[in-house]
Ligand code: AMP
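For reference, the chain that follows is the form predicted on its own, supplied as structure tokens.
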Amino acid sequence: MILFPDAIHQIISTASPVPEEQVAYERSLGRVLSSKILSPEALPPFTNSAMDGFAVSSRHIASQSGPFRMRVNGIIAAGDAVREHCETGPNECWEIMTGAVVPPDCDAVIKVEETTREGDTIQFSRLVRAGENIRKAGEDFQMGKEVSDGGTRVYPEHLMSFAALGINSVSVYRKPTVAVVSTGAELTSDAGPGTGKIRNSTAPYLLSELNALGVDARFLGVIADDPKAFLSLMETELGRNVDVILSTGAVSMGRYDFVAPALRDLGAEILFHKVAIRPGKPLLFAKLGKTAFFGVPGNPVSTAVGLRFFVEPYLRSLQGLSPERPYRAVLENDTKKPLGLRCFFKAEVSHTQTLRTVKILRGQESFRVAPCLASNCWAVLPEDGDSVVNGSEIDIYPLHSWSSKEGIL
């Protein structure tokens, strides 16, 4: 049985980034950038007004005493071409709309609500500072400034920047491909009292999580404790050069736990089988050529832990993402745990202005899915000891790493 840190080292050390591809920027949402993006131009591209009002020269106003009266030379609307040769005299101004180009000899805009208009003149009573209500060219992005680094997952705010800067395509890592297979004669879509069957809840969970992670995930169906059918399916998937095969069930020590022997028959290199964790101890990791194989236990929470803390680190490495870092929180309740096992427990994190606290929920058995609905994070308890006391500082992870930017709690 391997310790968790050693298992993660084995997983990440075998992962090589998938190839890069160029995609239209609007198709990059959720993908991971494979190279740094620099701004191809300045943003704003020209100095423009931040308000509806009147463009003036603060220098001309500073040399006078108020109240100030100025003649309006004309109107500049958003979208009008740059007026490079327009001149603004000492007692002149331009009516200007939000977003419109500011004339080159004006350096401030006084808001329309601070003026009184009489025909083609305005009057106002206060001095105006240089730069007031002005958006300077390049104030947001200067040409050549880094927009996003490689290894960054693309969120909607990235799309906003790409569109604003005219970045029409970006280089991203190819989506990893994952094939999901369920094992177990007990799995059915028509469970009921007296049938001895249960509904397959883990496959929908895995597919939804994987797709949310930007992975191309497919479900291969259910193998009913049939090693020959399993071997045939594996050979087919290996011929498709899938990046990851993820199976649920049949990895423990029972009569029908056939996955490990079947993998050996295929010539797989089993890197580890059993990890010192709870839940999910029988977890298996193997390589079949370039394809990674994860066999996770079939109980729902064991499956969730296997995906979150073993498969996801491998997928992150495939896409050039750095390892996920935990947050720290203060434990609210004394919690028993098995000695020598790292525990991943369903938990609820809370915040105050100065403190992040976490409560371990009741119902940590791996078959119980109801507590998942009340949890918003995973609490990680160390291998040492058989309990963790109230007030201890522990690692926590978001329930879903994709639910906010890089898992921010």
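Sequential numbering from 1, following the sequence displayed. Everything numeric here is computed off the predicted structure, so don't read it as measured data.
There is another form of this protein, the form predicted together with the ligand, and it is not shown here; the text below is about that form.
Student: Please name which of the stretches 295-303, 332-340, 69-77, 269-277 has residues with heavy atoms lying within 4.5 Å of the ligand in the predicted bound form.
Tutor: Within 4.5 Å of the partner lies stretch 295-303.
Student: Given that the partner is absent here, does Gly249 sit within 4.5 Å of the ligand in the predicted bound form, heavy atoms only?
Tutor: Yes, Gly249 lies within 4.5 Å of the ligand in the predicted bound form.
Student: Is Asn200 part of the interface with the ligand in the predicted bound form - any heavy atom within 4.5 Å?
Tutor: Flag for Asn200 set to yes.
Student: Report whether the minimum heavy atom distance between Gln319 and the ligand in the predicted bound form is within 4.5 Å.
Tutor: No.
Student: Taking the shortest heavy atom distance, is Ala286 within 4.5 Å of the ligand in the predicted bound form?
Tutor: Contact with the ligand, no.
Student: Check each of Asp140, Asp105, Glu132, Glu186 and return the one that places a heavy atom within 4.5 angstroms of the ligand in the predicted bound form.
Tutor: In short, Glu186.
Student: From the list Asp257, Asp243, Glu95, Glu209, which entry has a heavy atom within 4.5 Å of the ligand in the predicted bound form?
Tutor: Contact check passes for Asp257.
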